[in-house]
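One chain comes next, on its own, written out as structure tokens in the form predicted alone.
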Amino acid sequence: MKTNLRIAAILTIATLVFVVHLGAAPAAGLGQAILTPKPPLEPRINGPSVYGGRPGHPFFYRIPCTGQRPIDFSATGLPGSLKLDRQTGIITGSTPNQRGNYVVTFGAKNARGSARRSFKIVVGDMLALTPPMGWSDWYTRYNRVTDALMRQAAEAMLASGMADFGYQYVNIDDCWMVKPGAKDPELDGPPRDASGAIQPNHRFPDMRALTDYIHSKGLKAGIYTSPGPLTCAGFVGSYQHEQIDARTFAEWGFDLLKYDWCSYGTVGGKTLEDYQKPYKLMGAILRGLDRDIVFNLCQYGMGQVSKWGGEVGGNSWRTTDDLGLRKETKLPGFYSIGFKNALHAEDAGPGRWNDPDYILIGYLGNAFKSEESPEPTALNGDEQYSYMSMWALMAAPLFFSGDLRMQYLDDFTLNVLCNAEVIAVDQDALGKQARIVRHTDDEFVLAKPLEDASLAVGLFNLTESSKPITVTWRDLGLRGGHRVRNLWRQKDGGTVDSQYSTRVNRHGVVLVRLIPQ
């Protein structure tokens, strides 16, 4: 990533988001095969099985659960400092003061049946024990983001059912602050008050009211800034105001911070120490707050950030440049981003995740136009399945950045985003990123060990026609018979004992779970 390129191109090149690959499609999911079965009417509890929080801090969690509503929720073993709303499944209160593991059993019951699931609250120093999931406005809204649009996004997360599969963060990206020299009066004004606290622009009249609204839906709120004087789009950053900005974000009630390098390159150098300095500073500040704020480092892989991102307090870090700015070659841009991110598997683990950028499917915004003009992705169905499969296998943060409005969020896009068995691979409590088993011009094979001793394997066809792909037990380090579970179709495929072979579509994937017998 060339930082200066991002700053210069942020509002002019961003519409290259997939539109240069095969031309624009008439609709995001038109004519594509929907592989994910509809969730059953009886309750199914989704989301992670483990959750981290710091002692005595505010706690907020909505139990992700599909099934016919109304659902009556329960939580056996819930610490006394926490309270469950049985109708909504929202747990509020404060994390216990005593460090340790608190094992809770969630229950969900409706007219069709019931479900139970274990959930472990780990009280200590580590957050994001599984990769964060949610939505970011950037590739839909760009510099057009407003308070009203963020509220609508929170509502859409519930109405679409995404929240029932574990998507929980509603993140404001760039352009919520004041923009120096802006001609638009909505963006102009004093950037800070008399005490030095940052002020939002006129499109965000009350940040605390906004986060309260998002929280009322059972969701979490994320915010964005830069360690430099300005953000990527030229809005006010946090340079020399890091402490007061972090405190302000906590007072406003935000739960995640994306910290984007951008103009910091104009005030800092290019040594490893320079790359680490602003993130080390903000990481220490966030650890000292009385609120848990997940810390996303966005500095494009400079200085091998995957090796030290966790040491400076990061919970995830971008390993490459922006996916939305990636030009196409023989394959859509997400492949090259994914290939690079996959190289850092050994650096990932609970609370420390490699971040290859957002999931850009469905309908995306157009940065060339001032008005709303969402355009469908040019990725075909097989490519979209490959995209989501690769991100899940790499234990990547799952942040959708397409349009959430129901007239644009079609059934095919939701089928890609909301497959509980695929998401479970990403959210597995073991916290392992898939290793590369094979990477040739024709094939890409990833294998991710899971907590229950099974192995998730993705076989990706990189060629221009369908082809068979085989992976042996020697390749995977397996022995004995294994039951094959096709995760996209949610179907068992029999037992195999020495190798697995299947035909894979052009630019497609077969994602399976190999379960020892």
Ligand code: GAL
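Position 1 is the first residue in the sequence shown; the rest follow in order. Just so it is clear, the model here is predicted, and its values are computed rather than measured.
The same protein also has a form predicted in complex with this ligand, omitted here; what follows describes it.
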| said: Given the stretches 327 to 335, 208 to 216, 255 to 263, 185 to 193, which is the single one in contact with this ligand in the model of the complex, using a heavy atom cutoff of 4.5 Å? | reply: 255 to 263
| Are any of the heavy atoms in residue 391 no more than 4.5 Å from a heavy atom of this ligand in the model of the complex? | no
| Is there a heavy atom of residue 444 lying 4.5 Å or less from a heavy atom of this ligand in the model of the complex? | no
| field | residue 359: touches this ligand in the model of the complex, heavy atom cutoff 4.5 angstroms | value | no
| task | Indicate whether residue 395 is a 4.5 Å heavy atom neighbour of this ligand in the model of the complex. | result | no
| remark: If we test each of 163, 232, 221, 416 for a heavy atom within 4.5 Å of this ligand in the model of the complex, the one that passes is 232
| request: With this ligand left out of view, choose which of 138, 400, 385, 249 has a non-hydrogen atom within 4.5 angstroms of it in the model of the complex. | output: 138
| query | Taking this ligand in the model of the complex, which residues of 162 to 178 have any heavy atom within 4.5 Å of it? | reply | 173, 174
